[in-house]
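The structure tokens that follow cover one protein chain in two forms, given apart as structure 1 and structure 2.
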Structure 1
């Protein structure tokens, strides 16, 4: 027997196809642990004469993902009973759900949520919500129809309220591998600002790590995806686990955007405008999503107006893409150095169809040059 228990609405570009990325399931596994512990806490609140919950308190009670409904993506989570009739303890699961939603709602209002849950239970937000990215949220509807939104910011507020010294986040980092210790199976990742973070070496990443280490003095950068530890000042302290390590192309767009983000106004003889960091982040993400990975990457330069110019040299063709970061548009030009033949077009970089036009143009030049 089962009954509908929770229907969080996932909001963000990753969920627009009414599907749930597998990494989000890790959050729901952490949520199940949290609900069980909050249910035990609710039981003890109701039975002041007891110091622990009875043996088998959660026996026959499980949370299952039964389907995903449309509306961005809405996972349907059911409370499954191992018997024909619901357990008497199921009511504490309902109370736990409402307490968690109330804590999130409190954090939405810039409060700490401590009136709903004690600090030790708030610490579960270290893992619950960790897979959310900027601009994404989980929306929960309470029994009174109140809607609470868990975002990266509200999660941070709840973690701080838990009084933990350190917490974890999923992150993507770019850097150099400056040290590698095969005996301890660990390495150090050196970030752009000189910060060095220790990380474990998984056997499947060993060859990549050693190759990047040998190329350290030549500037061989890697992209690391994994879980990092931060302190209460939001500073990176270490890398807890590594999911992927990938060598970067010397012309990697995201790495170049990090470099351009360091520019200050006046960088060009006192006149150049610095590109906005949020716009550079958008360009890196958009480029990675839409530019054909089989095509050559461009050289990227800042423009005096605060934009970015991409340049390709393909045989006798000089190709430029003058990007207006504010309007998310670009002027494309391909000039043949011998014949002076010139092809031009204006592109809207917020439209996937215009990226397809860019890919087709560059692909055609590469094919002619082959």
Structure 2
């Protein structure tokens, strides 16, 4: 038998298709562990004469995902029990759920959640909520209809209150592999700021890691997705686990945008405006969406005016796309270095049709050069 236990509402672009990414299920597995431990704590609070919960306290009680409802996505979690009626201990599961929701609600109010849960139990937020990305949330409705929102920010607040020395987060990192130790099966990822993070090598990633290590001096970068450890100052300390590691194209647009985002005003020998980070993010996204992936990637450089210039060398053609990030327009110029033949046009990069013009122009030069 089972009874509905919890219906968190997942909010964010990833959940708009009324489906739940599999990686979020890890968070719910951590939530189940947390609910059991909080239920035990609630039991001991109610039975102060006892020092431990009875043997088999959680026996026959499990949490199952039974369906996903629309809006944006609402996983339905049921309490499953092997008997006709839930055991008396199920009431502590209900109390645990309410205490967790109240802790999240208090974090929404800039409180630390320790009035609802002790610090050692708050430490479960290290794993529960870890898959959330910026701008996403999990909404929980308490029995009194109060809505609590777990976001990356409230999760951080709760973890800080847990007094853990380090916590973990999912992260995507770009860097060079400066060291690889096959005996220890570990490697070091060197970030752009020089920080070196130790990570374990999974056997399925061994070839990629060794190849990137041998390309270190040539600047062979990788993109790593995994779980990182941070200290209480929010500084990266190490990489706990690696889900994906893949070599980056030397001209990867998003990676280059991240580099350009680090420029400060005055970057060009005391002159030069820094490009705005949000505009660079827009450019990376719009490029990925609209630029034909079969065409060669451009070289990308900052401009003194705070824009970006894309450049291609295609046989004897030198092509530039001078991008005004503020107006989202660009000046295209292709010059044949021998014949001095030149074509120019102004493009509106907010318009898909103008991206098609750019794709067609670059395609034509590639075809001509082939």
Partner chain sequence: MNEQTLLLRQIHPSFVQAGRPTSQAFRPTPKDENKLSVYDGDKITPEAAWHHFTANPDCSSAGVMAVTKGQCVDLSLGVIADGEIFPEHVSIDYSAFAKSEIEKKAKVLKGYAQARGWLYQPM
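Superpose the two forms; the largest set of C-alphas matching within 1.5 Å is the rigid core. Numbering follows the first chain given and starts at 1. Just so it is clear, the model here is predicted, and its values are computed rather than measured.
The second of the two structures is the form predicted in complex with the partner chain. A rotation of 21° separates the smaller rigid part from the larger between structures 1 and 2 once C-alpha atoms are superposed. Core superposition places the Cα of residue 345 9.1 Å apart between structures 1 and 2. Once the core is aligned between structures 1 and 2, the alpha carbon position of residue 355 differs by 7.0 Å; this is the C-alpha shift at that site.
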